[in-house]
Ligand code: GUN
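Shown below, as structure tokens, is a lone chain in the form predicted on its own; questions about how it binds or moves come after it.
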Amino acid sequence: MMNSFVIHGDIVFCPYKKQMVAIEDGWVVVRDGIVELPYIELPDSAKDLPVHDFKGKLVMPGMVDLHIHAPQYAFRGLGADMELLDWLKNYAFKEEAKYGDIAYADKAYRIFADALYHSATTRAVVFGTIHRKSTQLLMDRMEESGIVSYVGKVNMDRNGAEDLIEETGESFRRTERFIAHTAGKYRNTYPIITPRFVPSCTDELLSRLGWLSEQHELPVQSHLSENPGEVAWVGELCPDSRFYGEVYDKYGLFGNSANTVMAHCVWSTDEEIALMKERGVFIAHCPASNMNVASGIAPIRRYLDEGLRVGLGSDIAGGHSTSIFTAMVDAMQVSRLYWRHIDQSRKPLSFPEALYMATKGGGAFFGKAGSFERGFEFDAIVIDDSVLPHPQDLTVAQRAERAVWLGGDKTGLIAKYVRGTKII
């Protein structure tokens, strides 16, 4: 059978939010790219399979990035001196306008895809720009990387830079052509409906995008309640809606049949939170971005405790690093500040919870991904944590935690699997 093998090493994964499984010198049996089960001892039924031996190395599920802007990778590390709306005007929109030039887009997207390829990320939900051809080129580059991704042509018909606003009908027609040219074209890369956010999309455009999502059974990505100024602006633009998320919901862009991921959700109201839970909306928690552009701290403990679906996002270039290990650390750190300074009833995130969000929590957006449970697609990374020497006698669980905090994905990544295929 193709993509059938046994992987041997120190196995770490989180089947539940607060439960981490760590198997020293363990085995994961993979058949046709699908996990059979992890084992403490190799079963007789799998002894005829080839062994990928990583004895003494950490074997973890691949990381999932639920929110990243590909065209912004070029200016990551710049502009963390402004709040969101000014940052968009002075940095993001100026860079994204350049992607009307296909040669520039090709150069930039090759760099972006190469960076993700060499990271611990195995699945990503990606924003492009308004430019159809450049975004299709981005899909080509993502497919070549071997990473599983959703990629969206951005839609904006108001409140943007002059060269980033499309006429409503044209935005719809270009998105329709984008879908026609990309749906079913790739093995690992898929289109996704992408209104930038409510301030940049009229009701008519949102309505048409909701129709496209329904007609083509496509998921949706956008932004929600990131910044107080943004939330107030939505209230002014959409006075008939009680809260931000209701605008998306009105047009079928907020869960239910349309699998939806909303980035940030820092300032969501009780009503908005209840609707996200009811509709099954995924929250992409982007702690680095929320710090860098001073948006605030999302109440992730509340979301987890109340059963909402939460994953992590790097949010390049509001965030400055593609590393989901870094996002895990940031999430744990800001949760401590939230607990200490905002609401002491909301306990800080534990390491297993952060790892769960980075893997199975975000992976659920793609189906059965992000864990080593039976029936899951086998995405994995192998970390050689001997590059982080220490004198202690550590458990496998402690080694995994230490590797995340100390950036082991940057220094110790030695292998990477996506859907059972070894790509590094």
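Numbering starts at 1 and runs along the sequence shown. Owing to the predicted nature of the structure, the values given are computational and were not obtained by experimental measurement.
Below, we turn to the form predicted together with the ligand, even though it does not appear here.
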Can you work out whether Thr182 and the ligand are in contact in the model of the complex, taking contact to mean some heavy atom pair no more than 4.5 Å apart?
no
Is there any non-hydrogen atom of Trp87 lying within 4.5 Å of the ligand in the model of the complex?
yes
Looking at the partner-bound form in the model of the complex, is Phe197 within 4.5 Å of the ligand by any heavy atom?
yes
How about Arg399 - does it come within 4.5 Å of the ligand in the model of the complex, if we only consider non-hydrogen atoms?
no
Answer key: of Ser289, Ser145, Ser149, Ser335, within 4.5 Å of the ligand in the model of the complex (heavy atoms) is Ser289
From Thr322, Asn259, Thr189, Gln72: within 4.5 Å of the ligand in the model of the complex by heavy atoms is Gln72
The ligand isn't shown here, but in the model of the complex, which of 79-87, 202-210, 324-332, 342-350 has heavy atoms within 4.5 Å of it?
79-87
Give a yes or no on whether each residue among Arg123, Asp379 and Arg419 has a heavy atom within 4.5 Å of the ligand in the model of the complex.
no
What residues of 212-242, in sequence order, lie within 4.5 Å of the ligand in the model of the complex by heavy atom?
His223, Glu226
